[in-house]
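Structure 1 and structure 2, given next as structure tokens, are two forms of the same protein chain, each shown alone.
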Structure 1
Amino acid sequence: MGFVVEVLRGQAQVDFVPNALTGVVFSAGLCAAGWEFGLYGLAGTAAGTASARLLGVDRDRITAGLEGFNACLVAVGCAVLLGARHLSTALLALAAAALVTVLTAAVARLLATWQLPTFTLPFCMTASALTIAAPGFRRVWHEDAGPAALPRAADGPVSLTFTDLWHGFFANIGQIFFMPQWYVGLIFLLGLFLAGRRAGALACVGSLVGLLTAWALGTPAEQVAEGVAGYNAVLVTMALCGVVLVADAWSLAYAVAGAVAATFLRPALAALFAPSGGHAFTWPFVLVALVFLAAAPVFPRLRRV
């Protein structure tokens, strides 16, 4: 039962909460999008957690679920991007979920010099490597053609309907797990409120900031409605206000500024990764959060948790 709790906490730690009940809700949300995604999420988190146990990682990290969330995202990403119903995808997802434990340890050791957390950097590195390499292997890549494309200017209408707005608000939270369905984001948000009102409220603030920033910059309405434009803003807001920095008015303002920056950065990284499908993953969140945290000691009004 201890291992089960650790796995569920690992799923919940994708959104920074070490709450097993939230992990159950997150699993339900993934299953609402498709039972395969729920299975991949649990299996990936279990593989990462088990690998950490076998390698003797600090027990407190495992108990808190900190060794499972990157593995969860890697596995779900494999299911979404490579096709969930292929045996090669399942085997690759499990192997990558186990490998990300080693990468997490390496990244944590490097970032410890500046007292910075790893966040989802191990996931981003692994997922980017997989998407770049996958088309080169015929038993891994099951599409007719490779994903290579040149960056191009955004097109499509930018005027948002009311439906676009409320769909985008919830989809911003769902897209953290690659899920564009608004109802999946709603389930995830309920799981966050189950963990605590502050976690849920900050997710709402981040989603709203991402939504408004994307609209102000003229992001195509389809991307806004699917949550593609705003999910990094959710993560930045939660990370900079309450997770690493003490939650107060100053850190909230700092987090909102970071959320705006992450929303602006996403198209740049999508263009950079265009030859491999244009997947920015959570790179905008990671880069902005680490830069803002590296700068935080200079500002005395910001205090570390």
Structure 2
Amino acid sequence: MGFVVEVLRGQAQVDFVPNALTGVVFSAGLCAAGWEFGLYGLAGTAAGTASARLLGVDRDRITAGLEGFNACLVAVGCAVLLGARHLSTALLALAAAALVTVLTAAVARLLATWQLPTFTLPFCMTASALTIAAPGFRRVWHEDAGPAALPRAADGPVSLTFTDLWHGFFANIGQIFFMPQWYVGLIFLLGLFLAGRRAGALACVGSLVGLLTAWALGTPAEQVAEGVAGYNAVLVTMALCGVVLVADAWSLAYAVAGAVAATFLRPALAALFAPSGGHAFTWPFVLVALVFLAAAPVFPRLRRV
């Protein structure tokens, strides 16, 4: 029973919330996009949590779900990028979810030197390694060609319709779990409000900042509507206001600046990985959040929780 709660909390920790009920709603959201995704998410979180128990990781981290969220994202990422219905993908997702425990321990120890949390850095590293290595293995990669390509300048219309905007508003929250459907994002948002009004409100603020920044910079409308442009803004806003820094006007302004930076940074990461066949994942969020938190002690106006 304790294990089930840990796994559900692990799902919810993707959005910084140690709440099992939110984890149930997140699973429902994944199933709304496809039952395989719901299954991969739960199985990945379970594999990560179980391997943390086996290796003897500190119980407090496991109980809070902190050993599950990176594994959850790795498993769902495998399903989305390598095809959920291959046996090879399922085995790889389980193995990777277990290995993420080691990566989390390593990254946590290195970053502890500066009192920084890992966020989804272990997921980003694992998912990048997986997707870039995959085309090199014939039993893992089931497409004819690999995904490597030189990045090109954006084209396509940039003026946004009302539909683009409200789809994008919810899809920004769905894309945190790789899902472009607006209704999946809406279910995730309900889960966040279940965990507390602040979590839900900050996700909304982040999504709006992401939309506005993407529009101002001239992001192609399709990327805005599918949430590709704005998911990092949601994560940065939630991470910088309330999770590590005390939630006040200063940290909110700081979080909004970070959300703008992460929205700008996303195509840079996409272009950096494109020639090798990789993806941006949540690298923009992780890099911006770590930089802004590492800098925080230098600015006396920002207070740590």
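Rigid core (definition): largest C-alpha set, two forms, superposition within 1.5 Å. Throughout, residue numbering runs from 1 along the sequence of structure 1. This structure is a prediction, so every number in the text was calculated from the model and none was measured. Only residues modelled in both forms are compared.
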Query raised in the report: Do you think the form predicted alone is shown as structure 1, or as structure 2?
Result: 1
Requested in this report: Three or more consecutive residues, each Cα shifted by 2 Å or more between structures 1 and 2 after core superposition: list those runs for me in sequence order.
Outcome: 275-278
